[in-house]
Every structure is written in structure tokens, then in C-alpha cells.
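Shown here is one chain on its own, the form predicted alone, set out as C-alpha cells.
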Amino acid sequence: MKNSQDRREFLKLMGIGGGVVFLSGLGPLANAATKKEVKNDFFFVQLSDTHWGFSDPKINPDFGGTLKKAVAAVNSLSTPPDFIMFTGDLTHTTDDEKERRRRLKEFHDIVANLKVKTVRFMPGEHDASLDKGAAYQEVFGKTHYTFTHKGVNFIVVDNVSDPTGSIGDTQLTWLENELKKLSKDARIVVFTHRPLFDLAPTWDWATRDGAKAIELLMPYKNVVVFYGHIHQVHNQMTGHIPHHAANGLMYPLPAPLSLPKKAPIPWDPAAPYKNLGFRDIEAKKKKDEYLITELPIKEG
């Protein structure tokens, strides 16, 4: 299919032979796609944790260039993805309200150079927790919303604007009402920033009322969750629902609870941009699966 050809081109542009590919959904039960199925496929790109405004050269000496390199790589595709989704922490936290707004607007100006027509955003706690999303909403609009694309239902859940790290009863009611509009076998993709499940609560890698959101999603057969926050690829199941974390674009973080204290992993001059990257996700409409390709940031 054309998008699969683009993926191969993308991997060549990134200087790698095949990327890291993960199949989410039916996995080994899935059969080879038919021509009819191929026509219904589409793909999108997920970028996360850009932390614009971060400025520690020991952690990332290219703190001003990594995001721009990702934008250039996406723009290099001969055919653009259907859309791009940024899953939070667009900027790095600051107590200065003016600086927070400046960073958000500067980030907005940089990603405005993306040639893809549809680019969507959601906040991370670095963008929104100190002012309950006020500055973020001035620049990007709603913090939670839904949209559909080629028969797939996308739900963006805000689990960061509440400083307690919760979704909140009001938004959970909204989520329940949105789900009621869908059939139990509808294709559903959920975007969050924090993981909905308790990955590492002592590291703030959890959502206080995330179990309630998962409970609402459980009756639906075809649900996949994509999130950021933990700055690394991580795949986990809650019942039949797969959850996939993405690499960040500013600095990697250690594996969950692998160290006494969570802290950014310092830059390795021998392996620049190690564990920094983003992903493209191919949705196979006629099957309950997503082909996830992890793409690294390339030096130069």
C-alpha cells in the first residue's frame, strides 16, 4: 500500500533499515491484508514530550534542535500521514506565567512548519498542571475532545490539568457519555499523557482515577491507548486493552522503578539521540490491529 511504501521511505530518511515495529491487536491471529483491506488503511504520527524550553546541555546539548529535526523528518515524507498527534509535555515546566505562554507560543510557531494538514495536541503536566490548563487553552484550545477519522473513533483524555493527576468526575462523565454513542465493537483509540494504569505511582507514572476510565472502556472490544509521559517505549495490557507509551523528543527516562529516583538520562556523546524518537502508527481498518513503527531522531 502507499502508506507502507512511505514508511519504508521514512525509515530510509531516518538512517535505519527497519525501525522497531510492534503489532498491536490480533497479532499472530491476523491474516495477510487483502487488497480491499489495504484501501481502508491509514497511518498517523505520534510525537510526545518535546519539552520545549528545557535547556540543560548535559542532558541534551541539542535542546534547541531536536524538535526541529523531528519536524523536518516528518516533512520529508513523499506522502504525509493522515494526521499528527502530540501527546503532551509540549513545553518544559516553569513557574513564570509569562514564560509559560512564551514557550507554548514558540512551540506552536515551530510545529506550524509541519506540512501535514491536520495536527492535534493535548497537554502534559508540564504545560497545564500549574494553572489548570489556562495558558495551554489560550494557544491550543480544549484539553479533551473527540474526533473520528475513516471510521475510527479517537478520544483525547486530559489527565494532567488537575494538579492531583486525576481525570476528574466531570470529565469521566463526559467520557462515559461519549462512549455511549458508540457500539461495543467500534474501533476506539484513546490518547492520554499519563498512563491510565498504575505503572509507577511513586514516580507519578499513574492516573489517580485511571481505573475508572479503564472500567468505562472495558465493555468495548476494540480499544487501544497511546500515551507519553514516561519518555520510553512501554507496552502493557489491562484486560484486553493494550497501552503503548512513546519515546520523548528531549531526554529519555529510566525504566520504571529501576533506580531509587527518577531523573533524565544524561546525553551519551557516543550515542547521540539515543532513545529519543517518535512513531508512526498504521491503522488496519478491516482488522483490529495497529502497526507501530518506532523511529529514532537522526544526528545531523
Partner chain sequence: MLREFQRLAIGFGIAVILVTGLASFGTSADQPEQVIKITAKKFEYSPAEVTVKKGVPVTLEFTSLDRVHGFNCPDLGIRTDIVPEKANRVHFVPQKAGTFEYHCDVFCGDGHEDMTGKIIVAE
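Note that the structure is predicted; figures quoted are calculated from it, not measured. Numbering follows the first chain given and starts at 1.
Omitted here: the form predicted together with its partner chain. The next part is about that form.
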### Query
Thinking of 57, 64 and 102 as the candidate spot, does its partner chain come within 4.5 Å of a heavy atom on all of them in the model of the complex?
no
### Heavy atom within 4.5 Å of its partner chain in the model of the complex - residue from 137, 118, 75, 129
129
### Query
Of 183, 79, 113, 202, which one comes within 4.5 Å of its partner chain in the model of the complex, counting heavy atoms only?
202
### Task
Determine which one of 261-269, 65-73, 233-241, 41-49 lies within 4.5 Å of its partner chain in the model of the complex, judging by heavy atom distances; exactly one does.
261-269
### Query
Do residue 95 and its partner chain share at least one heavy atom pair within 4.5 Å in the model of the complex?
yes
### Task
Examine residue 125 and determine whether its closest non-hydrogen atom to its partner chain in the model of the complex is within 4.5 angstroms.
yes
### Message
Is residue 173 part of the interface with its partner chain in the model of the complex - any heavy atom within 4.5 Å?
### Response
no
### Task
Indicate whether residue 163 is a 4.5 Å heavy atom neighbour of its partner chain in the model of the complex.
yes
